[in-house]
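First, one chain by itself: the form predicted on its own, in structure tokens.
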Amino acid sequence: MARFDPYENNGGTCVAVAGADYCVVAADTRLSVGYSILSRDHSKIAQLADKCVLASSGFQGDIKALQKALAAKELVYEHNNNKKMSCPAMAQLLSNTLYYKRFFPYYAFNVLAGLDTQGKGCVFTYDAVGSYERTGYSAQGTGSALMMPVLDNQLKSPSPLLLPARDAVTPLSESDAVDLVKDVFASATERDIYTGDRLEIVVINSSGTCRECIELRKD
């Protein structure tokens, strides 16, 4: 009997770590369905503004539609306000866009990261229908369950219930955060068949944005 199934998980993992004056965003480049690899060089990271990038895992058709909708809304905002949208403003826009489609959601699991208006690193993590939270670090995708325990152990984000509220940015230097991201991906690729091939790393700081790629397991 034929069954309508509009969704498909194309795998992959995204990670973001926020520091005092930087943000590191990373994702693998494998695009797969089941046991088939469709592409070994597919970027999961999209730059939405000067100091704001979006990393997404899930169904790539929905991810591309979501990125296109956000880019159009950001352009309208820029023309209306004569300035680029800030990362916290983009976080609210992404939440509204996902919630608007809550009855037929974008099958996309997102991490939005960049610098806020004070120049501090910020990471926003989402579910599929727009509920989001600002954290010091986050992982989304098929390898996230393997990576989050390591990130929790190394970064120890303070509880949001503590009063007075404590800053969620990580204490690591920029180079140490990049090394940690490389290590968690190298570990996850040993167990997750949907994560691998290459790792794309984007570092955002006051100087701008730089990209780096390293090789991961091919099998």
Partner chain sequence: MDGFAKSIGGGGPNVPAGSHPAGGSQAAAGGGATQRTQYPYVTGTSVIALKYKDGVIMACDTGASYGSTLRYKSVERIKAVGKHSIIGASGEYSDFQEILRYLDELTLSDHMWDDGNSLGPKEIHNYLTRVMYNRRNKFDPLWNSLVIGGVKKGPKGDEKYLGMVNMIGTHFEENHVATGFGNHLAIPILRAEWHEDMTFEEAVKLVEKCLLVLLYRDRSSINKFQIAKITTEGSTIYPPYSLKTYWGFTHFENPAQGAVGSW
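Please read these numbers as outputs of a predicted model, since none were measured by experiment. Numbering follows the first chain given and starts at 1.
Another form, the form predicted in complex with its partner chain, is not on view; read the next lines as being about it.
Contact check for Glu212: no non-hydrogen atom falls within 4.5 Å of its partner chain in the predicted bound form.
Contact annotation for Tyr106: at least one heavy atom lies within 4.5 Å of its partner chain in the predicted bound form. Taking the partner from the other structure, its partner chain in the predicted bound form has no heavy atom within 4.5 Å of any heavy atom of Val150. Though the partner is left out of this view, Ala65 does reach within 4.5 Å of its partner chain in the predicted bound form, counting heavy atoms only.
Comment: its partner chain is not present in this chain, but in the predicted bound form one of Leu31, Val178, Ile193, Leu172 has a heavy atom within 4.5 Å of it, namely Leu31. Using a 4.5 Å cut-off on any heavy atom, the residues of 19-50 that reach its partner chain in the predicted bound form are, in sequence order, Leu31, Ser36, Ile37, Leu38, Ser39, Arg40, Asp41, His42.
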